[in-house]
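The data below hold one chain only, encoded as structure tokens and taken in the form predicted on its own.
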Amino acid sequence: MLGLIQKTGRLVFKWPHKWLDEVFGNSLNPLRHLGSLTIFFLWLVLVSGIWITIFFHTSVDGAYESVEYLSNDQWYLGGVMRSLHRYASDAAIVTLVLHLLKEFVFNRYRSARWFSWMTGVPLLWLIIPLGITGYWLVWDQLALYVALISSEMLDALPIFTDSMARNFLSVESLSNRFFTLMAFTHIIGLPIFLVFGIWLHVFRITRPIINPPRTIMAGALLSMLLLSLVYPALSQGKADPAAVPESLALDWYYLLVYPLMKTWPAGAVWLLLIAISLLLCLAPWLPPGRKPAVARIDLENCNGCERCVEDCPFGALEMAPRSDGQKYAAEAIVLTNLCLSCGICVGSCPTATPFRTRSVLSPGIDLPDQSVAMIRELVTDAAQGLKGKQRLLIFGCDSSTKLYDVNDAATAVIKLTCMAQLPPSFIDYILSRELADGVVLAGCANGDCQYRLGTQWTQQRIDRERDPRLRKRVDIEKLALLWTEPWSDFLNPGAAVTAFRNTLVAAKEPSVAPKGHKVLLRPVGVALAWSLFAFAAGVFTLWPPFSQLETGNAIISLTFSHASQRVKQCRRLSQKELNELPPNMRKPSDCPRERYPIKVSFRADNVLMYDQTLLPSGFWKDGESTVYNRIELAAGSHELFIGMSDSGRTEGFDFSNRTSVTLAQGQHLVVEFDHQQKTFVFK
């Protein structure tokens, strides 16, 4: 089942990958830089957020007014910065989710990669609260909705004794300190944890790519600026607790689960979020995978050159003092819990050469499951079976394009774990021994290697820029790399192989490789691609609109906290009883702490809308009972009744109130208990 899901996901990614490769070139394809693009968008959020903070007022009235000043009076810079802040935040969610999905469908989250996966999942749960607190600070109608629903979700947790949501039902219940707290949380508190989380996410990765190429950064920035100018982010009216707007332009990237609170209990929403989180966290072990044999060190052939340590993309190798008494100062050690058995270290070992015939071919480091000796044997056997002219040996990695359909009498395919597993000396060996007329290396596209750096290291070795280098005597014209950009113009690998074979006719015929006839169309494709991305980042911040209540309805909120009467009355202690108590516990009266539950009943037009018995808070059941409930009613005239008993009586009410009200569409009526007047109030 898992394999089918991943295969389907790879097919979904295939066509955007292919189209963007043709437009950008595979080294600049944004889909190959999703992780670093997410970090870049967070940089945009930081820079634009600093500008907004300069003008932001942390007060109930000043918050909305200061944001409106930026959007209207300073639209040419402040408004653009506000819009850039919002859309870059949404773009970060888009690239983050795509990055997570891509790592999953391409199976880059299991085995030793579990650490990066496990530290990446919390980043999603850090970025989302970061965006949610940002919406609170605007303090428009959307911010009020976000604050109210967020508080209702927090109230469902068995942490708070009073209802947080009650603080957002009236203007009087809010203070300026709330906005100071939210500003600190949004600007300082959560970003600190986010930066630490990003560092931890790449902690065990060698040479992590933090920033995408400059060309991609420029395109991403321009697309966000264009979106900010075309559809500037605007407030949705100053927050008014007394009114409920009929619809809101909800940011679905950050507030996707909020509409569920309209029909689901808060506990069910929490269960959904917890279940998703647990599933993501357990994914690297569901189902348990088979771990291939890790790289093995042969000290007799290891000279401590450190090339394998330098080339390992996952920090799975380190140097240690020599343990076998040889003259070399150090030896390589494999950290088995980090090794992915990719073989990149084998391709970097200078002793992994097929020319060794006087001794057993056992390099300083090797893979037990596919040793260098096994690869040489595969090459020899495959070469013996080749017939005809322009014989080709093709090396393909596990994740490269399928090449088995190009097998013929003059072509043989050898499969490797990673292309960087093949030492460059094998190319020299094949061509100098005339085992084939040409060699093709078919690895992952640039920037999208299954093992991060395999393609890059192979390219540098072939270009004689990195040890071990391809020897100068090797005719580079007899070597083709199927991950380089000119090959992307071919419809399939078979066509690319045929074109390369034609170039081996001893220069009798010109190469038939296409000449970049699509170059002129690339700027149009690049502009279209970034425009589509900007559209995707912005459309779900405005559409579809979300309706808080049905047309023609109003909302009534029952909200108050009340301490009921004690179950037992206080009893005055006798002198004898006082003498029997320790001196520090001698109180004149014994007052049991436990209180009665309160019973609350609410009717509209003699229809029972709410009827609950609420327990006192606290371990000793001696605290206040809290009522918080929102009821939707049709607009118009209604007879309302609310009653409460706090003395344990089974019939009747200790406090009650009945009134006639006329509700307007979208009105928000709050029902509270006035503890001084000992009565219910409707306001």
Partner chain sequence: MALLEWKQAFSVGNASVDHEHKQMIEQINQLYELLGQPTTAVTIEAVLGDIHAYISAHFALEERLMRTAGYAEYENHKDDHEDLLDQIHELMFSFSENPDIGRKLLENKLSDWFGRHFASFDARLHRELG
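This structure is a prediction, so every number in the text was calculated from the model and none was measured. Residue numbers count along the first chain shown, from 1.
One more form of this protein should be noted, the form predicted in complex with the partner chain, which is absent from this view; the next part is about it.
Using a 4.5 Å cut-off to the partner chain in the model of the complex, each of 310, 355 and 359 places a heavy atom inside that distance. Of the candidates 228, 71, 557, 351, 351 is the one whose heavy atoms come within 4.5 Å of the partner chain in the model of the complex; the others do not. Think of it this way: in the model of the complex, the partner chain has a heavy atom of just one of 568, 472, 389, 586 within 4.5 Å, and the residue is 472. Comment: 296 to 304 is the region of 79 to 87, 530 to 538, 296 to 304, 150 to 158 lying near the partner chain in the model of the complex, near meaning a non-hydrogen atom within 4.5 Å.
The partner chain in the model of the complex is not approached by residue 576, whose heavy atoms all lie more than 4.5 angstroms from it.
Although the partner is absent from this view, residue 464 contacts the partner chain in the model of the complex, with a non-hydrogen atom inside 4.5 angstroms.
Although the partner is absent from this view, residue 432 contacts the partner chain in the model of the complex, with a non-hydrogen atom inside 4.5 angstroms. Contact check for residue 328: a heavy atom falls within 4.5 Å of the partner chain in the model of the complex.
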